[in-house]
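One chain is shown next in structure tokens, namely the form predicted alone.
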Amino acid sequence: MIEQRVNVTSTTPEVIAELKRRSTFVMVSHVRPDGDTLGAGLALGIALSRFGKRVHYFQQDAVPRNLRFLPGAEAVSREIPDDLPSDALWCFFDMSDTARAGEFLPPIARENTLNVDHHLGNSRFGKLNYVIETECSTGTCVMRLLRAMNVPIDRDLATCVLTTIMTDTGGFIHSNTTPEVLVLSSELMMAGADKEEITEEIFGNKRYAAVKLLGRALSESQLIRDGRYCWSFVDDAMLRECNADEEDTEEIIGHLRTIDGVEAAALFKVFDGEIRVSLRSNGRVNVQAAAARLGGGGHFRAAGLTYVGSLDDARDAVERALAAEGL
């Protein structure tokens, strides 16, 4: 377990100095990876490899189907090289603490950690903590480093960074789509990123099993608190019924959030004896604060947590947490 440190954010020059000093790196994505954690790690890893650095990619879970198009995704593995030097720098992306990397993460000394993130409530667990909460994605934090190191942005780097942006803005839908984000996205497209490809891979190409599962989850949904709160669930039995898997659950919460009048939505994923909860807000309720009440975290409009107990208890606890935040 890596010891936490005080709430300090490292400067861009501090991080770049450490990147220049080290020779070997391991880019770490969180469990159940999305386009931000993976795209950010690949972008920095590709850039460092071009400076002659040795780069590896650790990810406990397999690369999801919709992210296999990313440049370098084939190099991502759970395996750790036997000859990894003791001073390799482990770079964590898009996670508030090391637990999000999963149970297969080996013990790592704090002096060998870089924490890159944009989440509210990041625990600043690294020796270096490059946490910029105003950025729309972890990938745009990485983009700051690439620019400061004068890295030429080619198609591969542009694709990775634009994928992080499109993932965390919901395809330029969410409120974190600022004018600056659109300008940067335009620059990345001009550098070779194919927006249509990214859109199709991230938001399209849905399996029939995923569509069937969405229908089941919507049929189980409930609208309460005068229509301000919508929740639903998926469980192992529903996955078997639809011939689906956990990757097929990713779009469900977005459909619950878009219902007219809904201010907050929750999806309870009851798999393998644990309950993972995804929360979304339309802007009035702070779901990050609600999730934090139950040991979770995230952003004002998008957050999550893991609950130990029954579905009924989880549903009641989440509703109370949301009510405490003004639902």
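Residue indices: 1-based, along the sequence shown. Just so it is clear, the model here is predicted, and its values are computed rather than measured.
There is another form of this protein, the form predicted together with a small molecule, and it is not shown here; the text below is about that form.
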Counting only non-hydrogen atoms, choose the one of 40-48, 296-304, 62-70, 256-264 that falls within 4.5 Å of the small molecule in the model of the complex.
296-304
Does Asn286 reach the small molecule in the model of the complex if we count a contact as any heavy atom within 4.5 Å?
no
Wondering, does Ser278 line up within 4.5 Å of the small molecule in the model of the complex on heavy atoms?
yes
Examine His119 and determine whether its closest non-hydrogen atom to the small molecule in the model of the complex is within 4.5 angstroms.
yes
